[in-house]
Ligand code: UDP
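Shown here is one chain on its own, the form predicted alone, set out as structure tokens.
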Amino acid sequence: MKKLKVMSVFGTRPEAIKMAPVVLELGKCAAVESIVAVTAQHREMLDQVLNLFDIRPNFDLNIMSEGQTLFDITSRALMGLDKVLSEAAPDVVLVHGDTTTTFAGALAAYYHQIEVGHVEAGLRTRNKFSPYPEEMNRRLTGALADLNFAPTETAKANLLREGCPAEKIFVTGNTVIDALYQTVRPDFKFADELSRVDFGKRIVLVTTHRRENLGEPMRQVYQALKAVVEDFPDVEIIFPVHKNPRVREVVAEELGNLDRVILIDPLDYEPFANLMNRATLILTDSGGVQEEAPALGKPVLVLRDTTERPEAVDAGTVKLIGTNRDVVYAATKELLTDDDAYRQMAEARSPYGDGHAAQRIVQALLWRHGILPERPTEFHG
């Protein structure tokens, strides 16, 4: 019997983390020929995840260049994938989430008249510039997708409101929870970069990178963190600082050389996931961390005014606080001083998955192509 040829396309670390469980599950399926194509939109950070999950791409476009713009990424990915799709001729192209590679991959597949499956489909803020360019990347990809693997019922509802037929939507849970459960270990040993950390103190983990937060919004956040560490001697802040020079400049000005503020380079996924597991609470503008940390019972303060992940807000596992200095300080102080407020967030049930999302995605593909006789059971968070 002819195998179903499924090509997974991704280009950044977050995509790779969330696609890795799907790639591994496809590789175990005798009815599937699994093909992996990476754009390497972010080279070094992508390679970390490929090595962790032992994934060897069949095609590597290696498009990353110094000072690259959205125009560069889009055009290079699109032209590179044109050649890849011509050579591999897959039956289905899987893309993930909301990166520029996601949109370019879906568009390239459409130009080749190949079926598009969108993993983590249906996330929306309905503000085209927040987050930028992610909101339009995922909406444009949604317009091209033939199969929509929605992580939650909320994401499914977004797609239905936009006119997507129900039969093209599968609620699977989020594959990031699959990856997380495969990575976090209670006996994990951290490398030298975290040797200065006193894990006997309360750990506040911080990440910032969003384009819309560059400049004064980030400065306000960092001033709030400085006040937190000054007022709470039993707190250490661990901050893997994004490599964007505009981020690093402000971090150095506001947080450089402070006691109990440990500034390090961005971590590989494995130590970062295990560091989340050891943290007391997390401040972030990352989308993925909003999903991962609640699955570990960690309260998350989101340094954004909007989120495409309202399920966690509704569940009480995350709180949107924006970037105003006084608000960030007050929200952090509350979780450090109010045991009831902390417990309510830490013990709230994560709505994002049970570790079996990749299995559901593969089953949905097999059903769609007549290999499985019945539509698979969906995730109910």
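Just count from 1 along the sequence shown to find any residue number. Just so you know, these numbers come straight off a predicted model, no measurement behind them.
The same protein also exists as the form predicted in complex with uridine-5'-diphosphate; that form is not shown, yet it is the one meant from here on.
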Kindly indicate whether K5, E87 and G117 are, all three, within 4.5 angstroms of uridine-5'-diphosphate in the predicted complex, using heavy atoms. no
Contact segment among 224 to 232, 279 to 287, 150 to 158, 187 to 195, judged by heavy atoms lying within 4.5 Å of uridine-5'-diphosphate in the predicted complex: 279 to 287
Do H209 and uridine-5'-diphosphate share at least one heavy atom pair within 4.5 Å in the predicted complex? yes
Verify the contact flag for I17: yes if a non-hydrogen atom of it lies within 4.5 Å of a non-hydrogen atom of uridine-5'-diphosphate in the predicted complex, no if not. yes
With a cut-off of 4.5 Å between heavy atoms, is F272 one of the residues that contacts uridine-5'-diphosphate in the predicted complex? yes
I238: heavy atom within 4.5 Å of uridine-5'-diphosphate in the predicted complex? no
Could you check which residue among I203, L267, V92, V251 gets a heavy atom within 4.5 Å of uridine-5'-diphosphate in the predicted complex? L267
With the partner omitted here, the residue among I169, V302, A106, V176 that in the predicted complex has a heavy atom within 4.5 Å of uridine-5'-diphosphate is V176
